[in-house]
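Okay, so here's just one chain, in structure tokens, the form predicted on its own.
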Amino acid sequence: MTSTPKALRYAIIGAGMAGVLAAIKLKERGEQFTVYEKAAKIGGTWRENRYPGLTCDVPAHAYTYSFEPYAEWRNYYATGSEVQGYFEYVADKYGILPSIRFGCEVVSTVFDDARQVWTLGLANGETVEADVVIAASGVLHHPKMPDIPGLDTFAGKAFHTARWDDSAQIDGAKVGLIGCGSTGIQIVTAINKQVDKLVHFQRSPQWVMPVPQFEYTDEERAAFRSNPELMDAIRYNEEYIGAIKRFTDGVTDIEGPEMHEIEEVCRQNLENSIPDPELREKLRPNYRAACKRLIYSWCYYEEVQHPAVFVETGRIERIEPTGVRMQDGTFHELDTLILATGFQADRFIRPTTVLGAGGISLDHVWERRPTAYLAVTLPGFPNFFMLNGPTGPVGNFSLIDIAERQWTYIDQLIEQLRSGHARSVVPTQAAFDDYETRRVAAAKKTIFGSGCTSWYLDNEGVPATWPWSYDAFADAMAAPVMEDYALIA
């Protein structure tokens, strides 16, 4: 083992929330790094998505970096444009923008066994080298288009919500909206009063958790500026932290009191909010609450009752030039068709070609399902670290917090390289196999595996998530178990 400290070269792939975090942390250490971002500006999913009604479903003061609270939030739950503005503000404040190469897509990253370095191939034909690769490419950035016959024949504007078309006719128009995840729900609440008719096509309805929403006054924002502890009081509010614990405990103990409490709150919200029995039954899911990602909304049940909104729960047969034909023969004439059909959540860094030690392909390793040891590293891929990678915690809580905890873990592994104790660090196959065996067995027993379809499930129907408590994740990220890693001199 060498013990000579080494200056490392870092490549960060993606300038969304996690990539900005990694850049800030490396800059604080005085490290040499470059961020490669395929788009023209930072933001990741908050850059890609700008549909009407876009709102973060984590309280704004909890959806910030722990080291950079933000006094300027306008509402308890922030709009998408506010969140994007926050990340732009942070990137500028911490001086990382000069280290980001925009419009620079990484198409390949290949490990050189002899030299223990990564070579990144860029879309412009350039190649660059790095000792460490941080994959911060995110999850929700490859739109999933529905496979519906005739979609390409629609005469009006038809587009995915992550590719919002500002020229599309909404005001006074007949609009169809396919999909009822968080995106579809938020769009209903935003445009229902603008349209002539809004047909909301729902493959399956969603359970809705009621939450508060309110504006912060100028006086409150001034108080936040003068006393940051007021922001921490919201971020670490016992009720909010308790809700996270209730959720994660409920997910992993599906017959426990926490899950029954979540189900009862959602059921009462439906029963008490929708007086029309026909509409109420249309909106009643046939699966357990939290099996799909819970919808957090303060107004959906009110807005969906607007006279312009029609909830369609039948099956679509095909799309025709002027509208949507249902299997029962019903035809919905439409001017505009909005596709809130989600993302290919199994892509992560792909379609980038990643070849690890000995030429092992990430596509091959992930042929069955995308996975990673503790959601961060993979055997066969030395000095390759993922933020918000596969099998990480998912749910109604801040992924910024997840990424910060992961960085704490990653930074300790990188210290083995900085200090000169090793040239490369990689998890052992035995550690990974043990983790994945335990994870799959536990994941099948979570609420996510209780019988619904969702983007949480892999091709075999196994939840592709962290299946234990949030506290267990925090403990795992506090420090690596070095016996689970091989250090290569």
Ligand code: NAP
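Quick note: we count residues from 1 along the sequence shown, nothing fancier. Everything numeric here is computed off the predicted structure, so don't read it as measured data.
Absent from the display: the form predicted together with the named molecule. The rest refers to it.
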Answer for Gly342 alone: is it within 4.5 Å of the named molecule in the model of the complex, judged on heavy atom distances? yes
Would Val462 count as a contact of the named molecule in the model of the complex, using a 4.5 angstroms cut-off between non-hydrogen atoms? no
Contact test in the model of the complex: Asp434 vs the named molecule, heavy atoms, 4.5 Å: no
Find out whether any non-hydrogen atom of Gly156 is located within 4.5 angstroms of the named molecule in the model of the complex, and reply yes or no. no
Stretch in contact in the model of the complex with the named molecule, which is absent here, among 56-64, 35-43, 438-446, 417-425 (heavy atoms within 4.5 Å): 56-64
Check each of His332, Arg405, Lys292, His141 and return the one that places a heavy atom within 4.5 angstroms of the named molecule in the model of the complex. Lys292
May I ask you to choose, among Cys299, Ile148, Leu122, Leu230, the residue with a heavy atom within 4.5 Å of the named molecule in the model of the complex? Ile148
Are there residues in 158-194 with a heavy atom within 4.5 Å of the named molecule in the model of the complex, and which are they, in order? Ile178, Gly179, Cys180, Gly181, Ser182, Thr183, Gly184, Gln186
